[in-house]
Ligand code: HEC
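Before any questions on binding or motion, here is one chain by itself as structure tokens, the form predicted on its own.
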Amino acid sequence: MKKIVVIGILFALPIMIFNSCNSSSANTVAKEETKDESYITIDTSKIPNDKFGESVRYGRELMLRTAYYIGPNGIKGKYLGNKMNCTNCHQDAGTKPYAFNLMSSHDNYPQYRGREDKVLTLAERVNNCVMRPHSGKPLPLDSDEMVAFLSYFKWISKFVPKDSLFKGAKNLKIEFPAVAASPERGKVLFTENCARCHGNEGEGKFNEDKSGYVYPPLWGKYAYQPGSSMHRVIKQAQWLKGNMPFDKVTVGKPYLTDAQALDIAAYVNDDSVHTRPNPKTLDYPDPKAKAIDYAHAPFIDPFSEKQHRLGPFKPIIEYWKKQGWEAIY
């Protein structure tokens, strides 16, 4: 099998947070990114030629063609409620830099997740993505598919350092402007940069046999739920900065400004004009563990739901800092 470099072919604007499903930004075994290093290279020819290797290969296939195998018409089971693929957010099967990279996920779990207010295993985190962005039902923990996902994550973890962040492990950081993100400005930017792939109505584009999406839907009944990480404006903007527009951005060299990424995320996630499946999905039972861009009350600060959704975010962050709290986003 050929050698695959992490900075390979890109997909277009989200989704999925989504790691959309994303790994937690707060709790990780890695402490700081090593400077002046190269991007990690994955050589799939090194996958073992044994039973474990078979599981690893199947896990990678599941990342790339999730809906084909376990989607609404899946050949191995019908677990997803839509036809999005894991790689739509976790690009290059979870190995692309700045794209909800999953190469340390095997090392980072179990970990505490504020969204559920509990410590999750990696298998539970996989099912979290199956149920939220994919609007599906949990995979059995002993299923071939769950074992394959976990086998793949274990195998790719061997390529990354265990005591520091590698280049591209996290999404790119956003510098927050003094003004709120604007869905109105975002709509104009979306038309210019995103609609050519995702459609004017955010409906996405199927592959040839319609077993999955090449460019996933961004809203509507087959898109990700409000409980998904991609529904958070900051989280999606970080992802957009590193990955979109797919035909203009290069790895580590954004095309969009921070403000533009925030505006596009604000428009895509504007629930006043866009519908989503299961819109009553609310999380974060402990308000102190709630991400500041998760715009559903109650809050432990005096800021409105609108400001938590669109910003400006600096005053929220400063307020949390004065209280001695860690602002999560």
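A residue's number is simply how far along the shown sequence it sits, counting from 1. Fair warning: this is a prediction, and the values are worked out from it, not measured in the lab.
FYI, the form predicted in complex with the named molecule isn't displayed, but the following is about it.
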Among 245-253, 174-182, 71-79, 158-166, the stretch whose residues bring a heavy atom within 4.5 Å of the named molecule in the model of the complex is 245-253
Check A237, H296 and R309: does every one of them have a heavy atom within 4.5 Å of the named molecule in the model of the complex? no
4.5 Å heavy atom contact, A148 and the named molecule in the model of the complex: no
Applying a 4.5 Å heavy atom distance criterion, does Y98 contact the named molecule in the model of the complex? no
The named molecule contact at N193 in the model of the complex, heavy atom, 4.5 Å: yes
Using a 4.5 angstroms cut-off on non-hydrogen atoms, would V56 count as touching the named molecule in the model of the complex? no
Those residues of 61-94 with a non-hydrogen atom no more than 4.5 Å from the named molecule in the model of the complex are M63, T66, M84, N85, C86, T87, N88, C89, H90, Q91
